[in-house]
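What follows is one chain in structure tokens, specifically the form predicted alone.
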Amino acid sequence: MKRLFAIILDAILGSAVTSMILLIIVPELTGLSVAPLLVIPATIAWIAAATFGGASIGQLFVSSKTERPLPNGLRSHMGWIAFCSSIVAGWIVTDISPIEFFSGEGLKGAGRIFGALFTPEFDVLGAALDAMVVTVFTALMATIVAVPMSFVLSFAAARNVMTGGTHERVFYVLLRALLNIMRSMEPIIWAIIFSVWVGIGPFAGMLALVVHTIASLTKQYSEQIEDVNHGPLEAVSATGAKRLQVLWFAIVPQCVIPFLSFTIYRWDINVRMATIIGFVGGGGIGTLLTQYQGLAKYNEVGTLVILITLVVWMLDVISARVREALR
């Protein structure tokens, strides 16, 4: 099975590398177009070199430390080809241009914008404070709603807890897959979905943060559960305690402090995210920032940026102090 996974990984890597070289780098450097079908034989050659030349990079990812293959010159060269191709293709795709960045016209435009940002218009401070309050409470409510659900789900997402049989193992795998999907979609995507679902406003933003927070906190909580000391579990189990009693009296006491630390840190993150999701209808100061930016009112934008920076900085200091006190 590990051999099959290694071949699959090598195939994915090979197709990605050959696609970057043939479809991005070569046309850009030579001006010649390459037929996409050439990627297929190039990928097959990559897989053949990896499989029969003892240079499988996928084998490094699926093997344990004791099974890991010895260093190989061909594998090293293929790894460097993959890395360098990614850098060159990324440079081309993202249109990086230091010349444009330091051009006279570009610097003049940047000077005008930064000049406006550093001369804020304080007449909008009242509206900005109201919007900032909405942003902070959106993050707070999202965290409060997500924490109990994350706490419960974290036990089902912990490998050392779900050992009761095949049905628990299946539930564990499905839950982990669902959490990965939820976490892979950024809050701004969830905000777009909920803006259509419940309408534009703070409620949509809060729901978006709830979904992403549940996925993230459940992962952090479950990993903490998997790292607990198994001595207390065996001691409580030896008294004849039921499974829920073992979880409550042996696992929870070991996880309370880390859970609180994760939760406070997540609220800090949610405040920052609540600002961003306002750009897509999540309410709060992000929505106000979008309006002023769209009207090119950069003096007003400067006021909002200063307020956001101050609030985020204050919350960051407070959360850091609380986390330090919990250790």
Partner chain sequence: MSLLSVRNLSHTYPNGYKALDDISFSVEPGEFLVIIGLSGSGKSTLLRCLNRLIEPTHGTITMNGQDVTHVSDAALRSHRAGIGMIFQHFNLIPRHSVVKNVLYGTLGSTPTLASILGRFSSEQHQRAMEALDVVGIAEKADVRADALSGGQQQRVAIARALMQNPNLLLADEPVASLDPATSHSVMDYLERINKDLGTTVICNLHFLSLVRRYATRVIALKGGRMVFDGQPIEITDAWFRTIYGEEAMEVEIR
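Computed from a predicted model, the values in this text were never measured in an experiment. Numbering follows the first chain given and starts at 1.
Another form, the form predicted in complex with its partner chain, is not on view; read the next lines as being about it.
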Query raised in the report: Thinking of S261, W267 and D268 as one candidate spot, does its partner chain come within 4.5 Å of a heavy atom in every one of them in the predicted bound form?
Result: no
Report task. Although its partner chain is absent from this view, report whether A238 comes within 4.5 Å of it in the predicted bound form, heavy atoms only. Result -> yes
Query raised in the report: Does its partner chain come within 4.5 Å of any heavy atom of A250 in the predicted bound form?
Result: yes
**Report entry** Heavy atom of G165 within 4.5 Å of its partner chain in the predicted bound form
**Finding:** no
Report task. Tell me, yes or no, whether D227 is in contact with its partner chain in the predicted bound form, where a contact means a heavy atom of each within 4.5 Å. Result -> no
Query raised in the report: Counting only heavy atoms and a 4.5 Å cutoff, which of 136-144, 172-180, 203-211, 239-247 contacts its partner chain in the predicted bound form?
Result: 239-247
Query raised in the report: Which residue among P148, G199, G111, G231 has a heavy atom within 4.5 angstroms of its partner chain in the predicted bound form?
Result: G231
Query raised in the report: Tell me, which of L107, L125, V88, I257 has a heavy atom within 4.5 angstroms of its partner chain in the predicted bound form?
Result: I257
